[in-house]
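Before any questions on how it binds or moves, here is one chain, the form predicted alone, in structure tokens.
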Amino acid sequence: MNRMISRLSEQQNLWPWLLLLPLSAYLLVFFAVPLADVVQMSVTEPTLGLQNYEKVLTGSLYRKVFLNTFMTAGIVTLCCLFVGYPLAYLMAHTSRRNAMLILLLITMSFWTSFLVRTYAWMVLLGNNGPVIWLIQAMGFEEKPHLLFTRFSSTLAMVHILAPYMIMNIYSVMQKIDKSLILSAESMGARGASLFRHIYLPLTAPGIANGSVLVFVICLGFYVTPVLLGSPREQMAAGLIGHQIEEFLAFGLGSAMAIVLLGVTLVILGIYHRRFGLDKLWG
């Protein structure tokens, strides 16, 4: 009897591992093996050595591109926060029906691909688009150059990534105990003081979650910066694509990809030590 019980318990302990086998096989074939191939190319193409990493870490062009990538990711993250926090606050403090309607409108953006949304911004910001027409209708005679600039690519990335920020902040706001706010009000906290000392700290995890998620995704953005951004202000993913597609510099492109991956892992590691990766999705 004891043996049967021990065998049943052993089988129950094995079930979680068996359920993980398909996912583990998928990650091994489609992630681990390609990543190992990229690492190999970074130190073997065109010759064996670390010359590709030396170029990436010391070359002025690559430093400029990485700096531009981090600056753009930071700007996009801040813009998403400024747009997303008020909207999440509105969703958390309106009726359930209105909140669900706003959430539906936000999630509808996920039903359209990045490429389609990027081309939509190309039409909107083009020389014959509605934005230029509106500017001229306001009395400005000279057409501003909006397309293929940092402004156009940043605007499009904010539009694409803002839903991640909104949903992370909204999920945290929903969990705030209303009795804490009522207690603060009963003790004299009002208006800006209540928001700064009570409400904002309570929503800080949502801000951290959304900021890390938006920043990390933005670091690897490819389609939108390439199609809308300025060639003089490339991001890392775009330069990696140029190195591989135009110059066939597989080793240099792979080294840039590994450096970008390393920076991303460092950011996630810092976040994990402070908050825990299990809280990244709210």
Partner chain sequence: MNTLMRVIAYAVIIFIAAPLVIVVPMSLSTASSLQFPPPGYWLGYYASYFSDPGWLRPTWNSIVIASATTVLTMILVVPAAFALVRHKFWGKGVANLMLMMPMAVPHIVMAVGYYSVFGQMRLVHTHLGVILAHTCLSVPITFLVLSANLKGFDRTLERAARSLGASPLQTFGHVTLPILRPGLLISALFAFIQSFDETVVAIFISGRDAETLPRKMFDSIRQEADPVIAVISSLLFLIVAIALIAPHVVSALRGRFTTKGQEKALIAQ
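Numbering follows the first chain given and starts at 1. Because the structure is a prediction, the values reported are computed rather than measured.
Although it is not shown, the form predicted together with the partner chain is what the next lines describe.
Asker: With the partner chain left out here, work out from 176-184, 202-210, 78-86, 138-146 which stretch has heavy atoms within 4.5 Å of it in the predicted bound form.
Answerer: Contact-bearing stretch, as computed: 78-86.
Asker: Do S254 and the partner chain share at least one heavy atom pair within 4.5 Å in the predicted bound form?
Answerer: Although the partner chain is absent here, S254 would touch it in the predicted bound form, with heavy atoms inside 4.5 Å.
Asker: Quick one: is E54 in contact with the partner chain in the predicted bound form, heavy atoms, 4.5 Å cut-off?
Answerer: Heavy-atom contact with the partner chain at 4.5 Å: absent for E54.
Asker: Classify L50 as contacting or not contacting the partner chain in the predicted bound form by the rule of any non-hydrogen atom within 4.5 angstroms, answering yes or no.
Answerer: Flag for L50 set to no.
Asker: Is there a heavy atom of I270 no more than 4.5 Å from a heavy atom of the partner chain in the predicted bound form?
Answerer: Contact check for I270: no, nothing within 4.5 Å of the partner chain in the predicted bound form.
Asker: Using a 4.5 Å cut-off on heavy atoms, which residues of 23-59 contact the partner chain in the predicted bound form?
Answerer: In sequence order, L23, Y26, L27, F30, F31, V33, P34, L35, D37, V38, M41 come within 4.5 Å of the partner.
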